[in-house]
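What follows is a pair of forms of the same protein chain, given separately as structure tokens and numbered structure 1 and structure 2.
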Structure 1
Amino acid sequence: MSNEGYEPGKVKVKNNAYKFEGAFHHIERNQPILNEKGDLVGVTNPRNMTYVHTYGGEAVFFENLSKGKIIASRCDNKDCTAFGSIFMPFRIHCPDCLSRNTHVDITDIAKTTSRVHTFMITERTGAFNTLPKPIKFVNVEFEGVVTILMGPMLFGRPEIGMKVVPIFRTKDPTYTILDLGWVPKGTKESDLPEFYTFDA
């Protein structure tokens, strides 16, 4: 991704506070908007700014994707109605008892039991999309997990019931959900998109 004409802002943490360095916004001249007769109807308001986002207790999930691992979470509170439930999407706290969930590595479960519950293919995307078009989503069921994860299918054509396996952006990771993708079981390593591998 390019950042034409300016250095992207970077953030460090010092004494448990964010330290901002570089440009987090840049200023562009506004423009008038005229109707067909040449009358003023409004103006443009250019704005380009970068936000910071805190992962908190979810950081462990996003950090491990680039290491080829899927970390889920489980309620281990024996008194909870959801005792033993494994959550993926990762939940920091159990939605029922609100106790802190235990981290569970479900990489092997994902490699061996993942099936497409449903899927979607579209040419349409919103601004800031970075996935190749057409974009394809799969919603993946795992054995022993109570929820169904949505992610991008990065090779092949999805079908309901299809067995799929995870792939990881182990090279040049984004540290976002885009570091996790899905391909049909049996896909060759050579067919994976740039930066993605089956294992770390």
Structure 2
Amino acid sequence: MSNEGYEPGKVKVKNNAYKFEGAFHHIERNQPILNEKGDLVGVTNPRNMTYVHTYGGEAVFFENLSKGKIIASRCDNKDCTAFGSIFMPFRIHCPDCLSRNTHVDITDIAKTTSRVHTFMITERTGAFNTLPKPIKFVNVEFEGVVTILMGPMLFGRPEIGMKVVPIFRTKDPTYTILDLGWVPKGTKESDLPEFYTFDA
């Protein structure tokens, strides 16, 4: 088996339903695993998988990152103890009353009030390690927002209390959380990573 002529799976939406086309699982030829003496000790079983990750009510958040905007959510239920609370990361429903939250654009708030609450520096993020190393994760707090967002600092070295600004992968977006990153306030546009800008 080979990858020749292999077309990975694609998904379209028609009549408000997902329509799948192509192969979502492709088996490749196994390879022998040999020890130092050349004896067979096992085989690999390569698979090429296409996963489908649906966003549902969170799609508005990921789509707007690609446009240089941060969309949060707010509880507008006057009978809730969290009434008026703005949540970031985006939450479809209020965690206290479970009513559907209202979308709120906090891009300007993020650009003017973001600070590093805390941070960590690591060499590993998970299965795919797609971020440049060392990976600098910052927990960012925003004025008027009741929660804290974690994301990568893509330039500079974080410090607690440091003022930071969001940057967006508006060129060739991934439509994932990787379309949002952070840099110290005052960073020059020329210092931003490839594909990132301060806004759309």
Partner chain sequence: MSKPVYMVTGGMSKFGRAQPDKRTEELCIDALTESAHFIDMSPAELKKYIHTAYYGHFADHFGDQLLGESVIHDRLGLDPLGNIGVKTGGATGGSTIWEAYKTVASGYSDCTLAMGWERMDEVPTDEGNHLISSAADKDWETPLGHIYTGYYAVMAQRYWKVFGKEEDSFRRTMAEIAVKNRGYGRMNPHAHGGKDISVEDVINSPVVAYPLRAYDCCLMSVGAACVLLADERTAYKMCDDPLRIDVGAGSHTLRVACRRNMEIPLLPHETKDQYNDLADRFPGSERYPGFSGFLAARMASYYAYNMTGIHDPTEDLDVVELHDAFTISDIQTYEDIGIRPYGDGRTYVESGDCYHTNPHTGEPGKLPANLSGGLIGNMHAVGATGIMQVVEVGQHLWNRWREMHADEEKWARFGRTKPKDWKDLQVKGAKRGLAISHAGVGSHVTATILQHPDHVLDRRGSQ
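C-alpha atoms forming the largest set that superposes within 1.5 Å between two forms make up the rigid core. One-based numbering along structure 1's sequence throughout. Bear in mind that the values here come from a model prediction, so they are computed numbers and not experimental data.
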### Task
Look at both copies of the chain and name the one that is the form predicted in complex with the partner chain.
1
### Message
Once you overlay the rigid core, does the Cα of G186 travel 2 Å or further between structure 1 and structure 2?
### Response
no
### Task
Align both forms on the core first, then report whether P32 has a C-alpha shift of 2 Å or more between structure 1 and structure 2.
yes
